[in-house]
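Below sits a lone chain in structure tokens, taken as the form predicted on its own.
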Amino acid sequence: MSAARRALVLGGATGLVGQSLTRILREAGFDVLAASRADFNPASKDAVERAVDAFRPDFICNTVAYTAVDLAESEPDQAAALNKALPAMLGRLCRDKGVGLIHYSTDFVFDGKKNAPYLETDQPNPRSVYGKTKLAGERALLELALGNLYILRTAWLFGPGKNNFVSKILGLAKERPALNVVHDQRGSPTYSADLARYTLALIEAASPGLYHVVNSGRASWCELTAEAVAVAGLDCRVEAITTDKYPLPAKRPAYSVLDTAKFTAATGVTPRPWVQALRDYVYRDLNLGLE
């Protein structure tokens, strides 16, 4: 019997993607070390190297990032430390140790000026510090020419284990008669548990590269909110507003739907619609809407 494959999941104990990825990999028979900042500082090369030498993983999965999109506008150095310097350090370590690397990026690397789903070959042009630092992290990894590197761009995440847009909006919908939500930004809502399953599919396909990995379909924030409120059975009106009515420090792409054809070609897996995934999240993870 062959030894179980091993994965070191940075952010696996507390992160939105990390928790789902840890569960899915363990269910698939991986031996997983789910690390958090309580275990060691993921930005410390020495600390990560000690963990790699002790655990001897086949893969490092980096789910750690600076994701406070608006705060990043005033904290560019902190954003760059996690979104550029950390993946670059992990890439060099993986190269030196012969370990595979799975890294997550974002739809915010695009400017939103396209009106059809973005391909991996489309030219990035981020509009925010967050997007710029995430793109810098991608490029730092690609420059290393690693043999076993997976970069997964994803978007609009919701899922169990950590607060997110959907859980926050449903909390507000329980308390308020109406919510005003932006309707002129469109993207790809994505369930963290599905993202984890699709990550596993890429590992099993042994097909490294840059991929767009999201649930299928598209929505505005307003449409996502309205669907979540309806599925949860809450009595709350959802009113559409434009971005200029809800100004924020960071510029968002008006359209950042991602095309997953390359992922499907590599794995044979077609991502399921975000509406189906949302129902699983609301019914099963949040235990709402079934009374």
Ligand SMILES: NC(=O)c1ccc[n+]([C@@H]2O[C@H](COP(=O)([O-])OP(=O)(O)OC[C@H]3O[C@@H](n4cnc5c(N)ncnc54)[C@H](OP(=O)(O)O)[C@@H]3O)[C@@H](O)[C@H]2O)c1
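All residue numbers are counted from 1 along the displayed sequence. Since the structure is predicted, the reported quantities are computational estimates derived from the model, not experimental observations.
This next part talks about the form predicted together with the ligand, which is not shown.
Here the marked residues Y118, Y191 and G217 all miss the ligand in the model of the complex; none has a heavy atom within 4.5 angstroms. Among the residues R127, R139, R95, K162, the one placing a heavy atom within 4.5 Å of the ligand in the model of the complex is K162. The listed set W156, Y211, Y198, F110 contains one residue whose heavy atoms approach the ligand in the model of the complex to within 4.5 Å, identified as W156. A65 belongs to the set of residues with a heavy atom inside 4.5 Å of the ligand in the model of the complex. Taking the partner from the other structure, the ligand in the model of the complex has no heavy atom within 4.5 Å of any heavy atom of P253.
The shortest heavy atom separation between R37 and the ligand in the model of the complex is within 4.5 Å. The shortest heavy atom separation between P57 and the ligand in the model of the complex exceeds 4.5 Å. The stretch among 199-207, 174-182, 99-107, 141-149 whose residues place heavy atoms within 4.5 Å of the ligand in the model of the complex is 99-107.
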